[in-house]
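Encoded as structure tokens, the following chain is the form predicted alone, with no partner shown.
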């Protein structure tokens, strides 16, 4: 029996459901981390370059919007830190301006945290960094016990991987914990045409396909499943009217898949899909709707030159 009981239980729940689903949280084992780094380098995947441009060219203005006193210690908490390549521009500007801060990257992937902490310590030997592994909701409660002022970073359009109902809960939780005047730096992918968005989830090199299929390989490796990877295909969809990109794994034939650690099989019809990921796209109206009933408000908005992506400064009133 695998040690990752929560993953195993979620696999059983998702594959027993109609329609089938598996959370995108489980993309990120070591192989998945490597594949996602490759996705971010694909020419079709505009999200990373768009937000990178914002951080590279506007970090000093973003820091001013934090409204922190340079000599007062504060905590910069990044949820879903990834590789830190965008954040390093912000960290460099904070260090050059001699702000007194601790950087706390949070990620579900231990491998990602090891990579980011190693990179950033090499780049910035004086950086005060403290990594935290876990899911956002679990880690936030512990982090908010500190009395120091805080800036929460949630960039990369990670909010878009949540259904709206969960995003509302997440933003409400942030609102409850932040003190008046503290900030949330929220990076969101903006509404655009399908011609721009859909290739970002279906690159010509097939890296996104391999990333999605690696989820089945991971279940095979960790739980003794017998998914035949060649009999599943990556299927991305995007509906401009709702503004949500979705990824699926589709069975190309009627088949059974046995998972040893569960001691049971799961039936798949030909064409049956496993929903693996969503990626919502935003505008100001959608964001304001999600924040209704909270004490959060949009204070500033930073755009890339193509206006594909936005980093919002959200203020706690």
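Residue numbers count along the first chain shown, from 1. All values reported here derive from a predicted model rather than from experimental measurement.
The same protein has a further form, the form predicted in complex with a small molecule, not shown here; the description that follows concerns it.
**Student:** If you check 202, 158, 175, 214 against the small molecule in the model of the complex, which one has a heavy atom within 4.5 Å?
**Tutor:** Selected residue: 158.
**Student:** Between 278, 40, 286, 34, only one gets a heavy atom within 4.5 angstroms of the small molecule in the model of the complex; which residue is that?
**Tutor:** In short, 40.
**Student:** Counting only non-hydrogen atoms, which stretch in 141 to 149, 191 to 199, 222 to 230, 106 to 114 is within 4.5 Å of the small molecule in the model of the complex?
**Tutor:** Residues of 106 to 114 come within 4.5 Å of the partner.
**Student:** Decide whether residue 183 counts as a contact residue for the small molecule in the model of the complex under a heavy atom distance cut-off of 4.5 Å.
**Tutor:** No.
**Student:** Does residue 306 reach the small molecule in the model of the complex, with heavy atoms at most 4.5 Å apart?
**Tutor:** Residue-level check for residue 306: no, no contact with the small molecule.
**Student:** Do residue 101 and the small molecule come within 4.5 Å of each other in the model of the complex, heavy atoms counted?
**Tutor:** The answer is no: residue 101 has no heavy atom within 4.5 Å of the small molecule.
**Student:** Is residue 248 part of the interface with the small molecule in the model of the complex - any heavy atom within 4.5 Å?
**Tutor:** Residue-level check for residue 248: no, no contact with the small molecule.
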